[in-house]
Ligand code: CP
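There is one chain below, alone, in structure tokens, taken in the form predicted alone.
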């Protein structure tokens, strides 16, 4: 696929590109994680919380289902996907949007020689947003530029959402990861009361523990170089104060972090550390016992070349697999995340860990539906409508007339 029409725009620094994906102060296209500011992450998280509460009732569900009933979404997924595809479809359905899909170019006119850009232009004729996943890096970004060019000539254009681009970016996965982490570190417990709070109990052992992402230590284990979810999430975590990012990966150029990305994080003031095992020491303690959150990933074998397979056979991957014994040594409030799919053959997270209260990866997947619904609501400017309805819906509390007793 040739991108020569967009070369000069593609080569610009990230911050220079961001205004091109906005309409005024709001996002118009979602292409990479750095578009999400800390303030916007907090806002989308609140909207997602409001949507998940409203969706539990018939009244709230009807309200949500009417919000975008007049809109249509195209899910253009030419790279295999389960969770991203289904959670976006569910998010559209929560808001009442009709969905169509193309998941195989062989059943589209691309099999007759139509260019992918012409396909995208056709989608913009029929739909109000395109959510896309491609194995080709930068394709989603180029599609956004094409839509901008159409807008400048007063032709029909629509938002583009990047649902994963090659080994480069996965901004909405990073969005749901941050949302999950926000919820984990709210330290809410169903038994919280005026007499007992879980956070207060934790502080008896960890006196400096506080709510929120600031000051936390994060571990990323597995295929760091080719893991697009790691790249996107690490970029967002770099916006928070006093975070430490620990990368646990084999010392192999195909798997370890690139010097370029390490420098990028360091320039943002992030404390970046690299380790070869969960047992490596951090101020005298094993790394696994210091982490507040551990993000596990599989080795992305679909990117392997024959020579990679031969070299990887020399690596002891046992140091990059989680076990129930390792999890039992983690902090009681720590969270284990995974973007899925996990590799049953490789075994980076065995199913025996699923029942541990620190395992949040299935909640993480479900959170994708809520935060992607919040993102769609934001893009179509109905997020304030949700907030207003939520306020009216929740402002009345039960009056037990205690004063009359």
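None of these values were measured; they are calculated from a predicted model. Numbering follows the first chain given and starts at 1.
FYI, the form predicted together with the named molecule isn't displayed, but the following is about it.
Novice: For the chain seen here without its partner, which of 339 to 347, 51 to 59, 355 to 363, 64 to 72 has a heavy atom within 4.5 Å of the named molecule in the predicted bound form?
Specialist: Within 4.5 Å of the partner lies stretch 339 to 347.
Novice: Does residue 82 reach the named molecule in the predicted bound form if we count a contact as any heavy atom within 4.5 Å?
Specialist: Although the named molecule is absent here, residue 82 would touch it in the predicted bound form, with heavy atoms inside 4.5 Å.
Novice: If we define contact as a non-hydrogen atom of the residue within 4.5 angstroms of the partner, is residue 133 a contact of the named molecule in the predicted bound form?
Specialist: Taking the distances in the predicted bound form, the answer for residue 133 is yes, it comes within 4.5 Å of the named molecule.
Novice: Would residue 216 count as touching the named molecule in the predicted bound form under a 4.5 Å heavy atom rule?
Specialist: No, residue 216 is distant from the partner.
Novice: Just to confirm, residue 231 within 4.5 Å of the named molecule in the predicted bound form by heavy atoms?
Specialist: No, residue 231 stays farther than 4.5 Å from the named molecule in the predicted bound form.
Novice: Taking the named molecule in the predicted bound form as the reference, which of 235, 297, 249, 173 has a non-hydrogen atom within 4.5 Å?
Specialist: Checked against the cut-off, the match is 173.
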